[in-house]
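The chain below stands alone and is given as structure tokens, in the form predicted alone.
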């Protein structure tokens, strides 16, 4: 193998969480609506509205964006009071989502665990690059993998480590630094246009597995777009990755 091909050999898989590892968005939507009701708000996010709001990365950012839509005079309010209220809504939402996950309402998408196991068995590193909160990640993966789920991942980037949300590449750049690998030795997994843009801006080849909330997105520039990971194996990933960087 030449020095050039060695430099581009696949060494790590970096996964987005919501919509990519699991079809979480419907559970998130229900959790938001639960929080709104708890706070005495008459907001109800249906599927069409939530699909549109998913263009805004981050739960708190999504709430603020909608708040400004329904309350155009938001600037007249005390900024700290508004931030506190949004924070409380998000706390209630997170608790409702965690309860849904623990109740078995959310499961990993087809092929995810098998591919992770295959990659780990072949000596590849795994990482997470998401805009969701650490609590949400832990709830999902603890339920799906077990209490020692963190041992499977060399690095984890989330809303607490990367405040600048996708499509900005901050979280991916952080993961590349943590993994101590160049983009040409990694492969990203995403489900949305924002995620694809973030990963490609960091120089990563990106495999996209859309879901019902993101199927209409533009995935130009993706390495591949496949329904899920059930028919994908490590040999294929290496071939696709190698061709991308050829």
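Numbering follows the first chain given and starts at 1. Note that the structure is predicted; figures quoted are calculated from it, not measured.
Beyond the structure shown, there is the form predicted together with a small molecule, which is absent from this document and is the topic of what follows.
- Only one of 34, 217, 197, 62 lies close to the small molecule in the predicted complex, with a heavy atom inside 4.5 Å, and it is 62.
- Contact with the small molecule in the predicted complex, judged by any heavy atom within 4.5 Å, is made by just one of 143, 90, 168, 109: 90.
- Contact with the small molecule, judged by heavy atoms within 4.5 Å in the predicted complex, is confined among 49-57, 35-43, 178-186, 64-72 to 49-57.
- When the small molecule is considered in the predicted complex, residue 23 lies well away from it, no heavy atom lying within 4.5 Å.
- At a distance threshold of 4.5 angstroms between non-hydrogen atoms, residue 17 is in contact with the small molecule in the predicted complex.
- Taking non-hydrogen atoms only, residue 174 never approaches the small molecule to within 4.5 angstroms in the predicted complex.
- The closest non-hydrogen atom of residue 133 lies within 4.5 Å of the small molecule in the predicted complex.
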